[in-house]
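First comes one chain, alone, set out as structure tokens in the form predicted alone.
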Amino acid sequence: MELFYSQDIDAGVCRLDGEESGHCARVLRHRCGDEINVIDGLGTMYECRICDDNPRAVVAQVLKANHGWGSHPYRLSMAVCPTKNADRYEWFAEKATEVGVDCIVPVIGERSERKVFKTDRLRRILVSAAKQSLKAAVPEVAEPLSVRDSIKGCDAPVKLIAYCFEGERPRQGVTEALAASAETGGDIAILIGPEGDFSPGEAALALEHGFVPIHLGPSRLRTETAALTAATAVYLRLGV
């Protein structure tokens, strides 16, 4: 199934930008009268008919709007420390989009090796991942902030933090901790630390603000693997 992406849909008309228009008219050779499917990144898929096949600015008439297309029955925010190798973080974000995530927050911890993270390239990757996995919603990418600010600003009913050490409270398995989400409407936030893990101070602050400490099994996982494992656990527990 071919999907295109547009943020310019209004009054029954959909306009593709230059890149999407070129792919539609030049590469795939769609012409006036052809029907195409367009996602808006906000959760709606539009069935459209092309009325202008200009390869720089395709215009299509909206025939039908399918709201909540490819959606999942929960809202998941993943606050994940950027990895030293940016490609690994992009891999996590792409795969988490395919599984099902609503917001990705790059957070900078006290032990983070990467202190600066640019989000523009990541947003483009997520558009492609949403189209590939047949989803009309593209995850939001928040601007980077500190782990401490992320903790203090999180208001999700279910808040989980994964770290490797045993702190003042025993860690639960992620599936056990997710059982509580059934009573809260499935609004979940999960915090994943950097390669050097969270500091004890960050972990203590999270517990003070209602986060539940979790583990992801006996294996020691890389940051991006841990983040994807957590997102997949939510998908398997609540989405299928």
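Counting begins at 1, following the sequence as shown. The structure displayed is predicted, hence computed values, not measured ones.
Just so you know, the form predicted in complex with another copy of the chain exists too; it's not on screen, but the next bit is about it.
Checked against another copy of the chain in the predicted bound form, the candidates K95, R114, R148, K159 yield a single residue with a heavy atom inside 4.5 Å, and that residue is K95.
Checking V212, V174, I36, A189 for any heavy atom within 4.5 Å of another copy of the chain in the predicted bound form turns up a single hit: V174. Not displayed here, another copy of the chain is kept clear of S21 by more than 4.5 Å at the level of heavy atoms in the predicted bound form.
By the criterion of a heavy atom within 4.5 Å, L228 is counted among the residues contacting another copy of the chain in the predicted bound form. Taking non-hydrogen atoms only, L216 approaches another copy of the chain to within 4.5 angstroms in the predicted bound form.
Although the partner is absent here, Q132 is a contact residue: one of its heavy atoms lies within 4.5 angstroms of another copy of the chain in the predicted bound form. Not one of R75, A86 and Y89 is positioned with any heavy atom within 4.5 Å of another copy of the chain in the predicted bound form.
Annotation for 20-42: no interface residues with another copy of the chain in the predicted bound form [heavy atom within 4.5 Å].
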